[in-house]
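Just the one chain here, laid out as structure tokens, in the form predicted alone.
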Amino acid sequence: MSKKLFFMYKNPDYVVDGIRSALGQAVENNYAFGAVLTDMPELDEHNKENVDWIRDMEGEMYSTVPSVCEKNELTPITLEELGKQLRDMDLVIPYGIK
């Protein structure tokens, strides 16, 4: 049975690795979502394609930071909307916490 998983990225050093983990879960037939909660550099084309693959498999990548949404083509989300999304998930993963 497929699970709904939500990855939360607070540390910019782990965002790219976390996106790959979300994609891996999507490939394993789970619904993978993620939210970038910090400023980060622009993703390269390979990692932008990974985000597109997550979307193709009915997942989504969000950010609460407008500049990150703009440069990385992520979907904007407010903290209130994020809270509503998290209530619908089977598992929330705080990814890359130092």
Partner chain sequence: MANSLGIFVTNPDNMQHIMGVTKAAKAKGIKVKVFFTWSGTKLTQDPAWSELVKLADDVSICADSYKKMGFNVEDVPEGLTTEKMATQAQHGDIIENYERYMTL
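Positions refer to the first chain, counted from 1. Nothing here was measured: the structure is a model prediction, and the numbers come from that model.
This protein has a second form, the form predicted in complex with the partner chain, left out of what is shown; the following refers to that one.
- At the 4.5 Å threshold, heavy atoms of Asn30 reach the partner chain in the predicted complex.
- Under a 4.5 angstroms non-hydrogen atom cutoff, the partner chain in the predicted complex lacks Arg87 among its neighbouring residues.
- Interface residue remark: Ser21 is counted as part of the site for the partner chain in the predicted complex, having a heavy atom within 4.5 Å.
- Under a 4.5 angstroms non-hydrogen atom cutoff, the partner chain in the predicted complex has Asp17 among its neighbouring residues.
- Using a 4.5 angstroms heavy atom cutoff to the partner chain in the predicted complex, none of Cys69, Pro76 and Leu79 count as contacting.
- Residues Leu91, Ile93, Pro94, Tyr95, Gly96, Ile97 are the members of 63 to 97 with a non-hydrogen atom no more than 4.5 angstroms from the partner chain in the predicted complex.
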